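Take a look at this single chain in structure tokens; it is the form predicted on its own.
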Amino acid sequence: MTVRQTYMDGKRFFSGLSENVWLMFLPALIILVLVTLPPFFYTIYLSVHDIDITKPYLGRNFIGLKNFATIFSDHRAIGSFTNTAILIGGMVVVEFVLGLLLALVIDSFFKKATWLVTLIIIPMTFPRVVIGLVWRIMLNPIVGVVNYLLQPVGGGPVDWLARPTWAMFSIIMVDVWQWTPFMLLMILAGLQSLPKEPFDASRVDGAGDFHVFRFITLPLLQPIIVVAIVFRLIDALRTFDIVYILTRGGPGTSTETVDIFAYYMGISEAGRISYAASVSLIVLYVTIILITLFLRFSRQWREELY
């Protein structure tokens, strides 16, 4: 077989593969549709009805968009959305900045220190429930190790989970401790896969470190940064376990996130499952809108960097 025949056979193979590539994804798409769409449509059904799981004898009355209208006049619901925005914003921004700085330091000075990366990613390996329980003990004002470590520097005993500001800070701190390694791994992998030629050329031209980072490193890392932030934004919305274990939404409702609020309204306190379904749908819509806007902003950012 000649080289040309081999080339033509390979070309025909990949041409046929590209034409039928949708067949490869069809089984996964079918499973995805069967798993996700029925609960999604049932959630929509619940949201437009008035169903109380504690009073099934009242039936299922159709009320249209009344549940959604009630959410926007419910101060507790609005507070839960605000708390969620504060938590997600604080967690993702701090994790990105720390992850970027750590990745730059490791890539510059510890390229071969795989043991260091292994140590840093250990918090990611623990379940969130375990993390929440351990940190709840560590933040205890009487027996917690955090207050004990702050004593030598003059830090008085702080009731971390009993004051609104400190409770919010504590949740952000715990999430940052666990998930900054994710940002680090993503950005470090991107840094180590960048081509060397642009950096060598910039050094020859006399460019400083800041200009190299601003005009070469950031534009080349932009796709990796976007993927890392999008994944963390989506994952950060699932803070139920950490928040519930640490504060249960307290003190009061100062750390009550949307998922905690929906749980209380739909199951734990009121049994208003239709109201909880409406809240979850609003979270879904807001998430889709935010991700879309962020992706558009990232494209504009990439164009400005270049």
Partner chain sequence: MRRIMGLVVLVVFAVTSLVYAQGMPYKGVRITVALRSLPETDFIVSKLAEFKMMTGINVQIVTYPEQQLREREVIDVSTGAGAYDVLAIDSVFIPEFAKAGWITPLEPYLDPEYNVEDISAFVRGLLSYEGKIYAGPVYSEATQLMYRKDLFEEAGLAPPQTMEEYEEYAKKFTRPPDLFGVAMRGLRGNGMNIYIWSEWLWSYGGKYFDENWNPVFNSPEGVLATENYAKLLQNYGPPGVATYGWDDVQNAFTSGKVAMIIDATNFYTRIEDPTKSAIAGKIGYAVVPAGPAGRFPGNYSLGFAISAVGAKTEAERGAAAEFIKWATSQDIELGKALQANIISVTRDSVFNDPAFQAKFGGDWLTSTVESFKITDPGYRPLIEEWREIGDRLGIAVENVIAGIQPVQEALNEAALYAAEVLMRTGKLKK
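The model shown is predicted, which means the values in this text are computed figures rather than measured ones. Numbering follows the first chain given and starts at 1.
Same protein, other form: the form predicted in complex with the partner chain, not shown, and the subject of what follows.
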Next on the checklist: Quick check on residue 161: any heavy atom within 4.5 Å of the partner chain in the predicted bound form?
Outcome noted: yes
Checklist entry - Hey, in the predicted bound form, is residue 143 touching the partner chain, heavy atoms inside 4.5 Å? => result yes
Checklist entry - So in the predicted bound form, does any heavy atom of residue 237 sit within 4.5 Å of the partner chain? => result no
Next on the checklist: Quick check on residue 264: any heavy atom within 4.5 Å of the partner chain in the predicted bound form?
Outcome noted: yes
Checklist entry - If you check 76, 111, 214, 203 against the partner chain in the predicted bound form, which one has a heavy atom within 4.5 Å? => result 76
Item to check | Listed residue (56, 39, 64, 27) with a non-hydrogen atom within 4.5 angstroms of the partner chain in the predicted bound form | outcome: 56
Next on the checklist: So if I measure heavy atom distances to the partner chain in the predicted bound form, which of the stretches 90-98, 216-224, 168-176, 68-76 falls within 4.5 Å?
Outcome noted: 68-76
Checklist entry - Going through 252-285 from first to last, which residues have a non-hydrogen atom within 4.5 Å of the partner chain in the predicted bound form? => result 252, 253, 254, 256, 263, 264, 265, 267, 268, 269, 270, 271, 272
